[in-house]
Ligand code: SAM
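A lone chain, given as structure tokens: the form predicted alone.
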């Protein structure tokens, strides 16, 4: 499971090591030794929506499970994920093991079987959003937000590959959510931080680290939490996390949440063999959870949970003005869609410019509300466009489990699959004609169109593999 990387023992910032001397769980000798070892841990989280098709692959073999995750596994070595079609198909997500504890925090904080409105505030590139979506009920809504515009594209791509239908991707500043007071049941804030917990994975972070940057990050974290807190309903759950070891970004922020935002700290149940360190904040006694790479198989991570004080039954009136609502697909468009999607009764089909979106019918009003108040990058699943009574399917539709069993498909070998992912010309020995789903190991990669004299490759240009 461990591979050699780079010796970091002499590079760790002395001021960081000094600042951690009084922090619970820190052992300078073993901490510096694990960084000096050059060891790294590679872990993935399997997509439960595509899990059944993984039989016969390495991911279905006896891999070591991440102990606090339902679908997380350690790999014996880091493979070339780019050369694995299953990676591009969204069969799994490469995610740091410590951060997978978010699943446990959610399970211990709220009833995941209910219909929840959840916000992942700082979501790119999408690891925590895909995790959250995997544990929510079908009736729940996930708003996956990224503040930085240039990072929204990769977030949308990973949400699409995951095959999620009940997700809206937004690009907004935390303060924009103040237009939705008391709207969310759960808010997850994986806050921008100084990044010391990622020194093993990203040695460049060492040169960028400074005590001054820790202070800047602390101020930013407080502003983010203050800006977003009004959109959490009374009785709702706030989960805060960083990939920093610094007390100022972790336990001190817990003090801020309890004292300035009037929230109640949550305590999680841990198994001793996990070797996660429970800490308490100096002023408030709020509980936090530290992950040290010399104690467990994962990187540096901190997480804490809170409950907002107040009456859970308060209802709010929200504004729908300033934007036009999405229009509904026409009867003829629905007829074309019914030929491709197995069960249309669960969804509202809405026009977004020329595209038709499939969105859970039970969440339609939520989508209208979000569109009226936020900048939406992606909502539900883009089904495609209907031209002359024929559905021209979108790539997003291929990534979901919505398709009818009558849709033609072709199971490609690995080399054909990789050629497809490079957006090269491919050959398929198939009797199918027209729009056909290209699969690898029975998991969809995307669309091809089989014509009499050629096969057109419709894999998204911006996603193609660039190496040969």
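Residue numbers count along the first chain shown, from 1. Predicted, not measured: the structure shown is a model, and the values here were computed from it.
The form predicted in complex with S-adenosylmethionine (SAM) exists for this protein as well; it is not shown, and the discussion that follows is about that form.
Contact annotation: residue 288 falls outside 4.5 Å of S-adenosylmethionine (SAM) in the predicted complex, judged by heavy atom distances. Using a 4.5 angstroms limit between non-hydrogen atoms, residue 220 touches S-adenosylmethionine (SAM) in the predicted complex. Contact check for residue 103: no non-hydrogen atom falls within 4.5 Å of S-adenosylmethionine (SAM) in the predicted complex. Using a 4.5 angstroms threshold between heavy atoms, residue 387 stays clear of S-adenosylmethionine (SAM) in the predicted complex. Looking at S-adenosylmethionine (SAM) in the predicted complex, residues 124, 151 and 224 each place a heavy atom within 4.5 Å of it. Residue 190 is the only one of 190, 299, 176, 185 with a heavy atom lying within 4.5 Å of S-adenosylmethionine (SAM) in the predicted complex.
When you look in the predicted complex, the only residue of 370, 141, 147, 214 with a non-hydrogen atom within 4.5 Å of S-adenosylmethionine (SAM) is 147. Only one segment in the set 124-132, 276-284, 347-355, 262-270 has residues whose heavy atoms sit within 4.5 Å of S-adenosylmethionine (SAM) in the predicted complex; it is 124-132.
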